[in-house]
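This document opens with one chain alone, in structure tokens, the form predicted on its own.
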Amino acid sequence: MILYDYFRSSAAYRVRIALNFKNVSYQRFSVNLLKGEQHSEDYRKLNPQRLVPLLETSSGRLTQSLAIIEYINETYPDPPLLSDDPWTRAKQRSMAHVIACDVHPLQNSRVLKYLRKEKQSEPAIKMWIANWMRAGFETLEQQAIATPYLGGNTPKLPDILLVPQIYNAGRFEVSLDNFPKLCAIAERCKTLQPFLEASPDYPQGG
């Protein structure tokens, strides 16, 4: 497998965690978003959407991080990233979607680039980022129950999305004081090797 990613992309970060969890061997090909490499003609041919991540497999190319993670989970079933129980599995997907659908898209690089193009000030952009991030975290903080991880007794799909989003909060200086459960879960996850080795700050992560 080849993963086209950018070390600081939270969508690519979550895919790296999933691959690490499954102990899948893969190669990384960096697409530097800050340099605009996603808009190159060569990459456009691979991914017309011009985003990362992109996973190249023996079956073809796959985009969208949640679709990639579920493909990985179904292809390499152990350890499972979703529970067997249909209701619990739906709840895990629901929490993951809070981040993937409601938070992350509003603060990714192309949205921020558009806001700057429209002459929004940097303080206004930071307020925009913080507003939507806190809204998502408030939901998840209420949904977090008294288990070691957001997904249950072991890390699951929502934890894989939570850790990169917490990392982004640090990048954008968003206060996490009101989210002690989420912070505790993220710190617990970050001690695990799959999370540690996927981090943008890991020595081989850049």
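Keep in mind that this is a model prediction, so the values were computed, not measured. In case it trips you up, residue 1 is the first one in the sequence shown, and so on.
Note that the form predicted together with a small molecule isn't included here; everything after this is about it.
*Asks:* Heavy atom within 4.5 Å of the small molecule in the model of the complex: which of Thr57, Ser30, Gln64, Thr154?
*Replies:* Spelling it out, the residue with a heavy atom inside the cut-off is Gln64.
*Asks:* Tell me, out of Lys126, Arg116, Arg93, Arg110, which residue has a non-hydrogen atom within 4.5 angstroms of the small molecule in the model of the complex.
*Replies:* By the 4.5 Å heavy-atom cutoff, the listed residue in contact is Arg110.
*Asks:* The chain here is shown without the small molecule. Which stretch in 133-141, 22-30, 45-53, 176-184 comes within 4.5 angstroms of it in the model of the complex, by heavy atom distance?
*Replies:* Stretch 45-53 is the one.
*Asks:* Just checking whether Lys35 would be counted as a contact of the small molecule in the model of the complex - the rule being heavy atoms within 4.5 angstroms.
*Replies:* Taking the distances in the model of the complex, the answer for Lys35 is no, it never comes within 4.5 Å of the small molecule.
*Asks:* Answer yes if any heavy atom of Ala11 is within 4.5 Å of a heavy atom of the small molecule in the model of the complex; otherwise answer no.
*Replies:* Contact with the small molecule, yes.
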